[in-house]
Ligand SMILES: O=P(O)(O)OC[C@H](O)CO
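To begin, one chain is listed below as C-alpha cells, in the form predicted alone.
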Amino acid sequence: MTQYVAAIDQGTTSTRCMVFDHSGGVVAADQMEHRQIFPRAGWVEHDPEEVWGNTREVTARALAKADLTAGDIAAVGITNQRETTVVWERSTGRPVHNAIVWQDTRTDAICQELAGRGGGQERYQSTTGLPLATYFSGPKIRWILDEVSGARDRAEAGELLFGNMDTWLLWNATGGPNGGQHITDATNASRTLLMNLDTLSWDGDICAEMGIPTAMLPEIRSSSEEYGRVRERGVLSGVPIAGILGDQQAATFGQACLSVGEAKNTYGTGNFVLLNTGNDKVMSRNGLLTTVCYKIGDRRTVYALEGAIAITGALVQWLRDNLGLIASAPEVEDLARTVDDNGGCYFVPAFSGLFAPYWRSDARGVIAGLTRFVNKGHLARAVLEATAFQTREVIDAMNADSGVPLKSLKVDGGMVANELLMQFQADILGVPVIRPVVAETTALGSAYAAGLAVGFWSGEDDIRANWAKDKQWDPTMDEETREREYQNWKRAVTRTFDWVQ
C-alpha cells in the first residue's frame, strides 16, 4: 500500500526531495546545493545537467533515509524556480547553453527593443499579465537562439526544446530522448511572457514577435494530473509524476491559501507575495504581476496577484560569500542582535535591478546612511531589514490593487527561522506574521497537487485540515517609528535609480 507522496523541489540554490505522509508531515528529506555561475556582471547561470544529477541523488538519499522504495510512493510532484530557462537537443538531451537564471539581466536590450515597438513595458501585459522585463523566460529563449551558433535554425527545424526547470526535470525523469514527456503546467507557462492568461495557450503573435518557434515550446497542462511515469532506471520507477507548480504557487497551495483574499509570503533567494484572487484575473495598477495561481485538473483556473522581489535571502548569501562577515547564513541573526537598530544604515539590494513594484532594470545596489558609527552588526541588521522593507512595498501595492487591506501574513521559506526578521516584518507591516508548522510549504504544495491527482488526498478540505500554526509575531513598533523608518527606506531606494546607462 502506498503511504506517501514525494516532491522534487528544484530551487535557485539547491534541489531537495521531500517525502510527506497523509497529514502533510515530513517523513524524509535530502538536499544538495548546485553551483551559481556568474560569467559577467548581471549574468547568472546554472548547469542543467548538474541539477538533473543532483535531483537523482537527493531522491535516492531521501528514500534511503526512510527505508522506502518506489512501491511506497503514490505520486511525485515537481516544484521549481520558475523563469530559469533551458534549451536542449531533442535527440540527445544535451543543453545548448547553461540555464539562464531568473535573476539574470542580459536580456535588457531585447526587452527595450520589444518595448520600443509600442506600448513600452506594458506591451504584452493585457495578454500575459506581465511587464516586459528581464525576469521572464521569453527574452531568455530569444537570447539563446540569437547568441548560440546554429540554435535558431535548429529550433525552427524542431531539433531543440525549451523548458523551465519543471519541464527539464519531467522530460528527463520520464525517459529523456527515449520518450520523455515535453510538458509544463499553467503556472510555469504563465511566467514566460508567451502565454495567454485567458486561454492558457501559447500566443502565436507574441512568439512570432520574439522570434521563438512554437515547436520548441512544451504542451501546457493543468497543475494536477498524471503527466507520465518515472523511467525504468529511476529509483521511483513506474511512479506517476502527477503535480507541477511553480515554486511560489506551490507555496501558496501548501499554505492552504485556497480562498479569495488569502495571501502568503515566501522568504527564499528572493521574496514572493501571492494573493489568491479566485477565478477572476485582477490586472495590477501598482506594479504587481497577474499570474496563474493554480489549476487543478479540469476545474476553473485560479489566478493571483504577485509581488516579486529579486534579492532577499541571496543578500545573506552575499554577506557570507562575498564579504565573509558570517560563516553560515543563520549567523546573520546573531550578528544583527549585537546592535539595537540599523544605526541609520539602509541596504537596497538591487543587484538584478528592482522587481515589484518598480520594475527598474537600471537600478543597482546601494548602502545608504553610512557613518563612522556603523559596524558589521548594523550592516547585518540592514540586510535583514531590507527583506522586510521590500515586502512592505509589495504589500502596500497589493492592498491598493485589491482594495482590501491585509489583516495578517502567512510566511514560509528558509528565512522564517530568523525570529529577529519575523518580528521586524510584523513591526514594519503593522499586522501579525504567522509561521506554519511545516515551513517548507513549496515542496508540500507540489506534493498536494500530485496527491490530489491520484486520490491520495480527497480534496482541498484535506489541505486546509493539515495546515497548522507554529508561531505568530504581533507588531510592537509604534506608528511614528514605523513610518519614519519606512520613509528612510523609500529615500534609499531612489538612490538606486538610473545607475546603468
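This is a predicted model, so every value here is computed, not measured. The numbering used is simple: start at 1 and walk along the sequence shown.
Note that the form predicted in complex with the named molecule isn't included here; everything after this is about it.
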Exercise. Among 106-114, 246-254, 202-210, 121-129, which stretch has residues with heavy atoms no more than 4.5 Å from the named molecule in the predicted complex?
Worked result: 246-254
For this session: Please run the contact check for residue 142 against the named molecule in the predicted complex: heavy atoms, 4.5 angstroms, yes or no?
Result: no
Exercise. Using heavy atoms and a 4.5 Å limit, would one call residue 137 a contact residue for the named molecule in the predicted complex?
Worked result: no
For this session: Check whether residue 353 has any heavy atom within 4.5 Å of a heavy atom of the named molecule in the predicted complex, and answer yes or no.
Result: no
Exercise. With the cut-off set at 4.5 Å between non-hydrogen atoms, does residue 82 touch the named molecule in the predicted complex?
Worked result: yes
For this session: Sort through 291, 269, 224, 425 and report the residue having a heavy atom within 4.5 Å of the named molecule in the predicted complex.
Result: 269
For this session: Using heavy atoms only and a 4.5 Å cut-off, determine which of 102, 171, 88, 347 is in contact with the named molecule in the predicted complex.
Result: 102
